[in-house]
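Only one chain is given next, in structure tokens, and it is the form predicted on its own.
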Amino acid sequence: MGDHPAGYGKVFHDARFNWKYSTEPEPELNGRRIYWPRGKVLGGSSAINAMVWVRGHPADYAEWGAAAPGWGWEDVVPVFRRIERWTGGACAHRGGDGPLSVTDMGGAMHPLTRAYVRAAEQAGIPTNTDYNGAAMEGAGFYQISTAGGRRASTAQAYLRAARKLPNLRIVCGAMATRIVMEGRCATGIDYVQRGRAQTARAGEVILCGGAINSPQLLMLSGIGPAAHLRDHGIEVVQDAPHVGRNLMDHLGSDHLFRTRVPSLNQVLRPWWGKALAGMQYVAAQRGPLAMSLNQGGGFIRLAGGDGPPDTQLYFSPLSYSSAPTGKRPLMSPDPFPAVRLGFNPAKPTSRGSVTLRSRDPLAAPVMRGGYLATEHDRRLMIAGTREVRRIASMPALKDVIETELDPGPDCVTDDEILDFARAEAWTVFHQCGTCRMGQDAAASVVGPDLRVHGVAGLRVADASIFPTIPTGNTNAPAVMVGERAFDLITQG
């Protein structure tokens, strides 16, 4: 797989590194199954994601703190600073010497990405040079988790040093199948490695399987909705009705614009362009192969009032609309010059779920995104499309855009825009919330200390514990949860 950023496209459909999950047919998306790639390597999905680093808005953590004291904005900001090795240097808002490198890519942006930021400013959206700083609102260039042009996954940032510790053993090629329980106390993990069943014993078990596999493993171990467990012949250890519920995700919609000037397509499409980009990367870890797919974006509010952002923007000077089904060949983009300008509602109110397909731990669970189930989400999909077009109509982009290819100028009315979203919108890969955190055991799965309600010796520490979905990409909040888990565990 490698750790260069462009490797994201290589592993997007590679079963060696990716669980390649898919949802059940989504009722509000024309019955489409939505592809959910998830990391199957050390570092989890941080090893295969697009590397965009977004902490979230203070209002997100006001919601978290209300659900679980100790998780408010003032609690988590020091943790984010502790994580970061920000290339902009340490300051009141950013960390400069943490284990995980976060890079300011502003100096390397494609001219069309710069045109996008100018167009946003012309549309009344202020330019924000650090959305992870004092304020989040505005448009700008995305920061990415890279170190010296190489991907900074959690494995790279944490495990490379930690693997030397005498009390750490890393077991690869292993599949956890069940939490070992003695009554209502977790004492270890059963797992399969190279076809052999084995057991690891522990004084405390911490699940970090993510929003899909952590609830799955809990249910396989008898912790979950009692009726659902009995349906699959699983003995109920703890009736926990919210395990696998409350799934949240960001649903994105992309617009494809053909440009009058060359885009990144003309760099990465021809053989000589690939060779030049490859040499540039090998020689200096710079150029398009050292960057994320989405170079620009931002956070705006489309609803009335003065609240936090409700919409995230994305801009890429690259397109691959001609890619075959099941492929995402970033090194073979469209043969014509084009850019993608997209968005997603930042705080969707639709909810999905993860349930068991069978008691077989090797069987993928049943996944439902539940997308566009609420009027709030449908309204924002329509408003987001109109906002993308408004930005594209500003002089800085209008001068370089030839035509809108997708959805195209014939897609005008609210119904037509919503039909396009139902046919084409897809996940931004931010599944979370399926083991949500809260004080009330009747309405959550883990407490503020990340311990599973009603079970001793068991915690969950990953994106599944998010009480509400953050405004922005979920990798940074997930890493923060891991750091907070360290604090909670070492404090006893």
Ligand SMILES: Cc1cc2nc3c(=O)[nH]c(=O)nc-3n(C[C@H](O)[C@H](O)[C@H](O)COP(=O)(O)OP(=O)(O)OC[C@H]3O[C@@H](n4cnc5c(N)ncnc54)[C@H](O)[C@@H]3O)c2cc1C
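Throughout, we count residues from 1 along the sequence that is shown. Everything quoted here is computed from the prediction, not taken from an experiment.
The discussion below concerns the form predicted together with the named molecule, not included here.
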Three-residue site T23, A67 and A443 fully in contact with the named molecule in the predicted bound form at 4.5 Å by heavy atom: no
Option touching the named molecule, based on a heavy atom within 4.5 Å in the predicted bound form, out of P467, P448, G43, G457: G43
Distance check, L372 to the named molecule in the predicted bound form, heavy atom within 4.5 Å: no
Distance check, A176 to the named molecule in the predicted bound form, heavy atom within 4.5 Å: yes
Contact test in the predicted bound form: V52 vs the named molecule, heavy atoms, 4.5 Å: yes
Partner contact for G210 in the predicted bound form: the named molecule, 4.5 angstroms, heavy atom: yes
Per-stretch contact check against the named molecule in the predicted bound form, the hit in 210-218, 72-80, 261-269, 397-405 (non-hydrogen atom, 4.5 angstroms): 210-218
Those residues of 429-464 which, in the predicted bound form, come within 4.5 Å of the named molecule by heavy atom: F429, H430, D462, A463
